[in-house]
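Presented as structure tokens, the chain that follows is alone, the form predicted on its own.
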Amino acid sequence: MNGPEYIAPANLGDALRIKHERGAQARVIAGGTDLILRMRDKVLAPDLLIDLKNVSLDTISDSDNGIRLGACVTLSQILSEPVITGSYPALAGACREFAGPPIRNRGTLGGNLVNASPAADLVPPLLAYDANLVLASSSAVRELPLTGFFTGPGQTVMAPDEILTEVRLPSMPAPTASVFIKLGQRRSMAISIVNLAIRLTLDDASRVSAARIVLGAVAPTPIRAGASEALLTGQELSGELIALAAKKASRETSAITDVRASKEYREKMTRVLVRRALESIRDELQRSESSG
């Protein structure tokens, strides 16, 4: 049986034209670290592979308003960018925990998003930083919040003729602290049993002015723990409040039992990891206040 056709367009316009003509029969490939495996396992059988290696979607740019990451930026590129490691440490942490160097050298930001895995490691930090996505077709370009991108496991709002071209992150106000935590059967070379990213911003009175608690692998899509976020907002980070917020976050999950872990274990570990993350953020913010 012959494999799919392959084409590497010279520019984005050509890639979008081909995607429009072939639609869902064509799959975009960048790093290919997940797509090739899914094709090998016969989960996917596209008629055409559109390689984006010549399309110039592998750049990172920053401004006073935030940063823009091309969809073909690799995880290794993200880790080598000082503005990300300095201002968006949860995203850098997720990349650092992702597989090993060979995969990080090829795996792309866009690929981790469009696969729409409930356990995707890069999604929680991007949601915590209020990311927006840019989707392009041959007839239009639209920007939408990442919160509205996923519709279910392996499913997104992308139209058959669209390509993800860019991820945009706004600047984070000070003082802000964030963290990513992953629980897997091994430290990095494994799918997450639970992953999460938390970002907190304080006001001038050291109360929480913005809270993002994002949980992965505990629902059909990555989710924000809205009730827990609301509990923290406007409050000082006491130990009692942190424990209550962690307990509430675990109750917002809709985890399942699978080959990696039971529903009950995921719920329990969500509570444990949210508490640890909040304590880490509290300690970081306190150190920042002391040194400032």
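Keep in mind that what you see is a predicted model, and the values were worked out from it rather than measured. Counting begins at 1, following the sequence as shown.
The same protein has a further form, the form predicted together with a small molecule, not shown here; the description that follows concerns it.
J.: Quick one: find which of 218-226, 197-205, 159-167, 82-90 has residues within 4.5 Å of the small molecule in the predicted bound form by heavy atom distance.
T.: Answer to the contact question: 159-167.
J.: Tell me, out of Ala255, Leu52, Ala261, Ala246, which residue has a non-hydrogen atom within 4.5 angstroms of the small molecule in the predicted bound form.
T.: Exactly one residue meets the criterion: Leu52.
J.: Just to be sure I understand the contacts: of Leu146, Ile78, Ile181, Ala120, which is the one whose heavy atoms reach within 4.5 angstroms of the small molecule in the predicted bound form?
T.: Contact with the small molecule in the predicted bound form is made by Ala120 alone.
J.: Non-hydrogen atoms within 4.5 angstroms of the small molecule in the predicted bound form: do Pro125, Asp130 and Ala177 all have one?
T.: No, the whole trio is out of contact, none within 4.5 Å by any heavy atom.
J.: My question is simply whether Ala190 lines the interface with the small molecule in the predicted bound form - judged by any non-hydrogen atom within 4.5 Å.
T.: Residue-level check for Ala190: yes, a contact with the small molecule.
J.: Is Thr33 close to the small molecule in the predicted bound form, meaning a heavy atom pair under 4.5 Å apart or at it?
T.: Close contact exists here: in the predicted bound form, Thr33 approaches the small molecule to within 4.5 Å, heavy atoms only.
J.: Taking any heavy atom pair closer than or equal to 4.5 Å as contact, tell me whether Ala211 reaches the small molecule in the predicted bound form.
T.: Close contact is absent here: in the predicted bound form, Ala211 is far from the small molecule, nothing within 4.5 Å, heavy atoms only.
J.: Any of the heavy atoms of Val28 lying within 4.5 Å of the small molecule in the predicted bound form?
T.: Answer yes; at least one heavy atom of Val28 falls within 4.5 Å of the small molecule in the predicted bound form.
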